Structure formats: structure tokens, C-alpha cells
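We begin with a single chain expressed as C-alpha cells, specifically the form predicted alone.
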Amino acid sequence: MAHDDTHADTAAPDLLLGRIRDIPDFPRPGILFKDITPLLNDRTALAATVAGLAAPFRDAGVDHVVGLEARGFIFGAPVALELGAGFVPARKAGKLPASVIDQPYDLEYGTATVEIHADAITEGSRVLIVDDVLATGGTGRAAVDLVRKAGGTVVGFSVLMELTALHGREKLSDVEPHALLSV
């Protein structure tokens, strides 16, 4: 994918925020869901998002981009192309067909597990983690721990949007999260 520096300049918050719609009470009452599908449908906003997510890590020697299921896949793969890196999907438990390594993490009610293929990240690989939203930080923390368990070095954590009221950044104090938007 050819890099066009003009996209980084167009990653202005108003461009991106104007393409994210709020859906009240989804998936349950009291939740304000941030719907990114209008952003994905706008090629200028999508290109600006991918360029913006990749920009701080262009000179970081990234070997792999880990995208978190499911919306992190949408951004992670093109960010990997932008950086000349491979893409590694981090999936929910039981979704990958080969041998895996896993990392459990706590949810509001219970636990979940994130997995990658055991051979996806080699010892010493430089890894960027990409997702759409940094909320409470639980999934992000699990991803950082999973990459380290696999022998990789986390060079960054890049997201489209950080929901600052949920304080997810606090769970990632050892990795500086990069967010295009803070809401």
C-alpha cells in the first residue's frame, strides 16, 4: 500500500468524529455504542484512520500488527500493510484452528480469553497492537500480556478512539496508548 502523507493531515478529529454515530442503548440499556460503520464507508476517513494509526510507528521497526477481534481486524490488516509488517489476528477462545497461546482476562461479569496462533509471533518480534476503541483496558491488557508471553516486544497500542471516562489507559501504564480521538 503506497503511503500518502496527506492522509495523516486529514485525520483531524472533526473528520473522524463526523463519521462515528452514537447508538443509544445498544447492545443493552445504558450503553452508548460508538458505531464506526459510517467511517468505514467513507474512503477519505478510512484512509486517514489507517494512516493515523500507523504514523507514530513508521520508524519503530514493526514486524507484526496484532488486531483484536473483531473491529481491530478491520484496522489492523491495513495498518500492517502501511508498516510493511505481517498481521496477526487475536481471537476469542476457540476460533483459531491451529495450536494457540492464550491469555485470560476479567470482564465486568466473568472472564474471557484472547488467543493467537502459537507460531504467529517469534521471539524478539516487534509488535504493534491495534484496536478500534480503548475502553476499560481489559482486552488491551490481555493483548499486551499475550504478545509478551509469545516472546514479542510491544512497541505500541494504537486505537481509533479512547473512551477517557473509563480509564483504560491506567491498565496500560507500561505501554503508551496512541488514540486518534479521545471522547
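Fair warning: this is a prediction, and the values are worked out from it, not measured in the lab. Residue positions are given as counts along the sequence shown, with the first one as 1.
Absent from the display: the form predicted together with a small molecule. The rest refers to it.
In the predicted complex, the small molecule lies farther than 4.5 Å from every heavy atom of G152. In the predicted complex, the small molecule lies within 4.5 Å of some heavy atom of L163. In the predicted complex, V50 stays away from the small molecule, with no heavy atom inside 4.5 Å. Taking the partner from the other structure, the small molecule in the predicted complex has no heavy atom within 4.5 Å of any heavy atom of A120. Stretch-level contact check against the small molecule in the predicted complex with heavy atoms at 4.5 Å: of 136-144, 112-120, 59-67, 38-46, the positive one is 136-144.
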